[in-house]
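What follows is one chain in structure tokens, specifically the form predicted alone.
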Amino acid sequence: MTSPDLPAELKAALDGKLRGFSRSDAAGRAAAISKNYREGGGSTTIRSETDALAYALARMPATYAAVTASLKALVENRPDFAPKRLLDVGAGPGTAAWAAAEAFPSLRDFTLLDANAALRTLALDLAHDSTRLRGIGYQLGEARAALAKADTADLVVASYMIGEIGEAAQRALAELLWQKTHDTLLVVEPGTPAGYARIIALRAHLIGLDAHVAAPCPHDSQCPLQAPDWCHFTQRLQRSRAHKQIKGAELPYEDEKFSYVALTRAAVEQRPSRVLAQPIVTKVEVTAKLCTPEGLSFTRVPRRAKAEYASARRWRWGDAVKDES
């Protein structure tokens, strides 16, 4: 199973960039950048090498963990998928490309697109000595303009970037992403109600253009959740010393909440149910909220059903599972 933590090559490359780097300056820049992202400003405040590295230290571990978890779900439902070409849209420092390279040894061609020159420079520096990502192609330009010129790819990834463009333009971008997708499109957004709303709108629109859901949903039907509920997942990752310093954090771990959808050209058969929240385990039963092929289910697995109960005790939020009810 692919680890949610940054791969050794990437950690080493980041450590090399940190030599002589002021952590206190980076912490201040990271806080300003994070505030701008929360307010919808995207990467506009990332203008220098210091800004780019501060952003990478603050956000790269969590983004990598979320994309890795999403790709893991895709692989579980499509174990035969072996993409050769990747297109990473809104690539930033290349986080999704690193995650895809770990998930799919079959990948041989990596094309990254982003409008931010400082993040492009950092991405190329981090990949320079990589045995997997050396020689990546990185096109500088606004997402839709650069995407229109790009070749199609077996796997297209857009992580944490849909929310950076205006709502009116998101529909057009979704169509363009799908046009460039030869096989599978993965879109990852923050696990907030707003991030989920973007995912569910894109999902519905592209299903209308003959896309099929590979993960996380076990069906192509309308999402059964009703507001104020929303579909999101969480991935725990360990914080390095530098990560804690940049974030001003004390806990040795971080829980990244995210929403995602993987869409394919061909229908995926026998998609399993999905655990939508951490199950409640007691000595009497396991209670789990599941999205099933038939819709939303609050499943109870009694202890007297020994084998099913033992299996259900191991369920975790986000898992693909067989409904034991």
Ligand SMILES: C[S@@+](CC[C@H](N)C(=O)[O-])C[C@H]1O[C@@H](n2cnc3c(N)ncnc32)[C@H](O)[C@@H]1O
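Don't overthink the numbering: it's just position in the shown sequence, from 1. All figures in this text were calculated on a predicted structure; none of them were measured in a lab.
There is another form of the same protein, the form predicted together with the ligand; it is not shown, and what comes next is about it.
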Q. Counting only heavy atoms and a 4.5 Å cut-off, does the ligand in the model of the complex sit next to every one of 63, 92 and 164?
A. yes
As a check of understanding, the residue in 151, 142, 129, 210 with any heavy atom within 4.5 Å of the ligand in the model of the complex should be identified as 142
Checked 184, 235, 111, 116 for heavy atoms within 4.5 Å of the ligand in the model of the complex; positive is 116
Whether residue 160 contacts the ligand in the model of the complex should be assessed with a 4.5 Å heavy atom distance threshold; does it? yes
Using a 4.5 Å heavy atom cut-off, state whether residue 55 contacts the ligand in the model of the complex. yes
TL;DR on 83 to 91, 219 to 227, 175 to 183, 196 to 204: the one with heavy atoms within 4.5 Å of the ligand in the model of the complex is 83 to 91
